[in-house]
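Coming up is one lone chain in structure tokens, specifically the form predicted alone.
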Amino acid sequence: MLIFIGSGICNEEDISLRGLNELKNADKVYLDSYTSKTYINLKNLEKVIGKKVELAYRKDLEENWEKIVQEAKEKNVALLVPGDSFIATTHVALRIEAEKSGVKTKVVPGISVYTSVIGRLGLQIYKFGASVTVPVHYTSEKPYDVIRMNKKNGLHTLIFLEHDVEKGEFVDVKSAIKKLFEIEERRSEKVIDPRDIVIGIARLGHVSEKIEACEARKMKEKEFGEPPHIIVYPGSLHFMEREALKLFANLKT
């Protein structure tokens, strides 16, 4: 069996009791170190579950996935995934291939950054439209197009900022906002307004988390430190959402 276990957004203390039990009972444990940065302390985790944890990189999850699937045919293999198990399409693809190969799969949900960000800011989840990712190396204008579509409908946009763990590269809040302004300058469609309220979030849930809401023209100068980073670009704010941002994200206007 191949068991997908969400590890949550912080460290090993976010793993559910069910998840820990599955890790303890598994014959082999992998920790995904590709799709997102993890702050899990391997030594602590290995001590708790009583076994060695092997790191899984991009090549293991996307190129040589057959190895993991083959192992799961003969033993119980657990894959510990940052956040929730299937926010990243990498894990959906792996589960599909496992099931097609006759390997049973099990899913243990974890805390997702998607819902955690929304709740932490006090925003209304049903007011979010399509989300989008800004890759480390990108030329696409899709983030601009998604924000345009959502703003037209009064909806908020959740913008994931990629972190290439293996190469040590990541997109920060400041550079992502600057890119949006550059696209606006080329296209002049009045999507990105310097006075728009934007929320920058870094290391959500950690002791060092940083959350700040301010105008876009100010956000492009803000430093948020170490990854992971994420942005919320609001559409139309309900009065209670604005009040929440004043209290939870230091919004001044």
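The numbering used is simple: start at 1 and walk along the sequence shown. Note that the structure is predicted; figures quoted are calculated from it, not measured.
Although not depicted, the form predicted together with another copy of the chain is the subject of the following passage.
Interface residue remark: residue 244 is counted as part of the site for another copy of the chain in the predicted complex, having a heavy atom within 4.5 Å. Contact between residue 165 and another copy of the chain in the predicted complex is not found at the 4.5 Å heavy atom cutoff. In the predicted complex, none of the heavy atoms of residue 25 sits within 4.5 Å of a heavy atom of another copy of the chain. Mapping the unseen interface onto this chain, residue 151 falls outside it, with no heavy atom inside 4.5 Å of another copy of the chain in the predicted complex. For the candidate spot formed by 12, 86 and 115, every residue has a non-hydrogen atom within 4.5 angstroms of another copy of the chain in the predicted complex.
In short, of 104-112, 178-186, 69-77, 165-173 it is 104-112 that has heavy atoms within 4.5 Å of another copy of the chain in the predicted complex. The partner is not shown here, but in the predicted complex the stretch 81-104 reaches within 4.5 angstroms of another copy of the chain through a heavy atom at 84, 85, 86, 87, 89, 92, 93, 95, 96, 99, 100.
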